[in-house]
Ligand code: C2E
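The data below hold one chain only, encoded as structure tokens and taken in the form predicted on its own.
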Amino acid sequence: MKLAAEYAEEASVAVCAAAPPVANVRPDPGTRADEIYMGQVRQEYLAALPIAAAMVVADGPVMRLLCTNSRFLSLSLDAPPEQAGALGRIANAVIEGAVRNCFADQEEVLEFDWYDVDEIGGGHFFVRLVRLPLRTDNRQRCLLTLVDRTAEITNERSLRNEMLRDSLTGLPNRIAFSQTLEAAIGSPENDGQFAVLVIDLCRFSRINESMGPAAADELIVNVARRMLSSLRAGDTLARIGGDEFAVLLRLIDGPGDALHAARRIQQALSTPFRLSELEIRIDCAIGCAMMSDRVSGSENLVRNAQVALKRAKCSRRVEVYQPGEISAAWRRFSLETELRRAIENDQLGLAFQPLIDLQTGAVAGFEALARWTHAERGAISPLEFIPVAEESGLIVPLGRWALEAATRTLAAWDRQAGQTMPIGMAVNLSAIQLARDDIGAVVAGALERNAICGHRLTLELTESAIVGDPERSARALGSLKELSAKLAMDDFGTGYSSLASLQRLPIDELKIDRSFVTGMLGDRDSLAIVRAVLGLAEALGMGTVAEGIETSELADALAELGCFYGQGYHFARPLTSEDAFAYWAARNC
């Protein structure tokens, strides 16, 4: 279909050229018959146009409709009977002003969009005015065309609204929330007194998995209703993810308003939801970010709130974003990239802390500890890069590397000593590696490649690694016991292990956490815990290792209590491979 502008242009050319008449004989120019004939020509050409069209003539100060087509009349824009021939409702200030401008400024073509506010519900039109050449009567004329774009504009608005609305709850979605936030930030009235809350529903995925998507959708709708009821007028609630909501609120009485709003939301969700015949309680984690001069853009503000939300999931309380957290997160991502390269390029190292037999003072073995010396940053603490490795999944290749490096070092010591040394090697095993890796095959491969017997390898696991999935842990630990490897529960007493799990799982040693050992001589509670762990281990037939021994008094007291082994700075700090071998030789030879 041609554009309205093209039709109007063709019509104006046709009218000016006075196309061949319907009849074979044209009346003489200037006669009454000639005027009638020209009127018929104009009417026929206007009738042929697929758009609303009319010819307007300037009759002195009055704008009159010279002729129109049926589409023009169907728009109810023609003059009422008492104003026959006049511009009528077309005399809307916008249209009439445009016609006068077209005549006065000698504009050839004038185009604009027009909204008919007089129409019920309004109408949207594309208006085009084409000035026609003067005729013998010197009256100015123009061709007026209108394209009705009401349906198009309405559909466009409807689609835009659908794009900005969450289809399930009817709330603004992430795009709409971002636009609202940008408008608040860019407003001249912005005084910086805004805050964003991001709310995440706890256990939602479990409900979705167990009860199905229909019940999960019902829950989301009910949650949205309760949240809306807890907010003030003027606050904006949006659904920005599957089970994630965001709130934009103005801080009338300062930052405390944000915390009050968070508590109201928590209170609103505290009453159990009824789904089918069940009553389900939903907790939520809430992160908050305040608008400040350092925050530019809506996405940054939402991101800050999500950073605080991550802490809130762990702390189980409302958390407010603190400046510097993004820098710390960026450092973690940077560290992740460089750690991956360090693992791939074998740029990590091991340090070895002696494990001492408390009864004889001999070196019973070493614990292998991962160390990373960065080319530019220097030594990076395991307390920094191990959590990054666990969060990113790099703990799996890191754990494989540590097993391989530890067994390779033990084999190298055997060759250096000219015999199979009467010591073992302990390696830490992450809960993530235990869950994701084929740990039995990995350990078997490391032992085979380095010709190390399984009984010389001790794998240390935390309580959380064992208790998190007891059945899977039992299978994995069983495969390790088939290799004759020893299993130790690290940091015992700080986790959530039960006597049942200790009895069921093939644990060989309990390592007593340094938090109980270090102060046990001056703290009766710590001493009681150490005694209890030693008694439990003896009853279950397990060995014991005390961590954090820093004085000879502690070593002697633990030996008297029946603890088998100890490690700590009293004996030695973590050593290099060469120093560890020399340490063994000095104490055992």
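Given the structure is predicted, the values throughout are model-derived calculations rather than measurements. Numbers for residues come from their place in the sequence shown, where the first is 1.
What follows is about the form predicted in complex with the named molecule, which we do not show.
Contact check for Gln433: a non-hydrogen atom falls within 4.5 Å of the named molecule in the predicted complex. Proximity of Met55 to the named molecule in the predicted complex falls outside the 4.5 Å heavy atom cutoff. Residue contact with the named molecule in the predicted complex: Leu429 places a heavy atom within 4.5 Å of it. In the predicted complex, the named molecule sits within 4.5 Å of a heavy atom belonging to Ala370. Highlighted residues Glu182, Ala258 and Glu319: none comes within 4.5 Å of the named molecule in the predicted complex, counting any heavy atom.
When the named molecule is considered in the predicted complex, only one residue from Ala224, Ile282, Ile386, Leu483 comes within 4.5 Å through any heavy atom, namely Ile386. The partner is absent here; in the predicted complex, the one residue of Leu46, Leu65, Cys563, Ile549 having a heavy atom within 4.5 Å of the named molecule is Ile549. Note on the interface: of 260-268, 447-455, 240-248, 397-405, the segment with non-hydrogen atoms within 4.5 angstroms of the named molecule in the predicted complex is 397-405.
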